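In the block that follows, a single chain appears as structure tokens, in the form predicted on its own.
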Amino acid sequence: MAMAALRREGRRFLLSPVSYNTSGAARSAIPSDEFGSIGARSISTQVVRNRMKSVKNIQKITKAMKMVAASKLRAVQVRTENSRGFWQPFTALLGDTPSVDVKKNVIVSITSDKGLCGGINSQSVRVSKALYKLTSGPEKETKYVILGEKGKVQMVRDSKNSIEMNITEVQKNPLNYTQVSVLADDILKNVEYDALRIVYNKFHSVVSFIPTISTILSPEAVEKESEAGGKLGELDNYEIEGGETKAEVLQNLTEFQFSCVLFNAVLENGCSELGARMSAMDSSSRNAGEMLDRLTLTYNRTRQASITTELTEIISGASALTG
């Protein structure tokens, strides 16, 4: 509702007449009888008054949106900080190897469904496109999985054929881990991958968020990296119980790791979105206040000039009659 009202007021502001001449186009906006009674000077003050009214309405909407974002931010921030403990054990066990070279890459780009939140979505898309160039090659395949309407709108312009899945309205309602695990399971069933690379904005503060990439390898890629040594080579030191094979354990670990990392990434990005929207609406409210001050000054000058002109005409007429 607030965004629709803001767009409506913006259109009113942009479409309000700015020309003060008496051409046919300008006269068509005002009835002819009203034009004769008001006069050209009053028309200019009327335009300024209309603009002042539009700016005041926009300022009310932006202040309301800032308050709504601020009220939501605290609750989401607490949930985000609590979710960070989900994926950290997996990073300690399986590591996070963004430089791994595999043939099939899937970039999971997390964006928002709503706008008016600064450049948070553009930053995610920019990082995703740069990552796409780094992971593409003659014998490689890279696909996109996009969460959020704003990311899809930007990606579809030049990467339409590379989009494998698009999921919207993820944060329409408060998320829990069960919902995200179903979403992660749906992604894993519909894409083939050697490495999943999740791109999101990590919340740092209300005015700061950090573009982050988390990498999850497939069980086959984990085994290859384990055989090659390095941090993943320590997996052989663990003893497997319960009769499961190493491949089955890795498969379960990979799926659980992806759902945990995705849950944290969606919350981090949602928290960053609210912080960015709060900051953007605060800037918009201040800009509307400054514009309102300038319009008030212009209105007062125009009104004073009109009064001065009318007084001059009255005095001149009276002098002519008495002379």
Partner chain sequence: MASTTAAVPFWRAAGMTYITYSNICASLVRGCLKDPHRSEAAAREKVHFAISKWANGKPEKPSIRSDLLEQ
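Positions refer to the first chain, counted from 1. Being a predicted model, the structure only gives us computed values, none of them experimental.
The form predicted in complex with its partner chain is left out here; the points below concern that form.
Novice: Which listed residue (E169, E192, D158, E227) meets the criterion of a heavy atom within 4.5 Å of its partner chain in the predicted complex?
Specialist: Only one option qualifies, and that one is E169.
Novice: Select from the listed residues A75, L134, I163, I213 the one whose heavy atoms reach within 4.5 Å of its partner chain in the predicted complex.
Specialist: The residue from A75, L134, I163, I213 that makes the contact is I163.
Novice: I need the one stretch from 149 to 157, 203 to 211, 81 to 89, 98 to 106 whose residues put non-hydrogen atoms within 4.5 angstroms of its partner chain in the predicted complex.
Specialist: Residues of 149 to 157 come within 4.5 Å of the partner.
Novice: If we define contact as a non-hydrogen atom of the residue within 4.5 angstroms of the partner, is L188 a contact of its partner chain in the predicted complex?
Specialist: Result yes; L188 sits at the interface with its partner chain in the predicted complex.
Novice: Evaluate A184 for contact with its partner chain in the predicted complex, applying a 4.5 angstroms cut-off between non-hydrogen atoms, and reply yes or no.
Specialist: Residue-level check for A184: yes, a contact with its partner chain.
Novice: At the 4.5 Å heavy atom threshold, is E220 in contact with its partner chain in the predicted complex?
Specialist: No.
Novice: Indicate whether N252 is a 4.5 Å heavy atom neighbour of its partner chain in the predicted complex.
Specialist: The answer is yes: N252 has a heavy atom within 4.5 Å of its partner chain.
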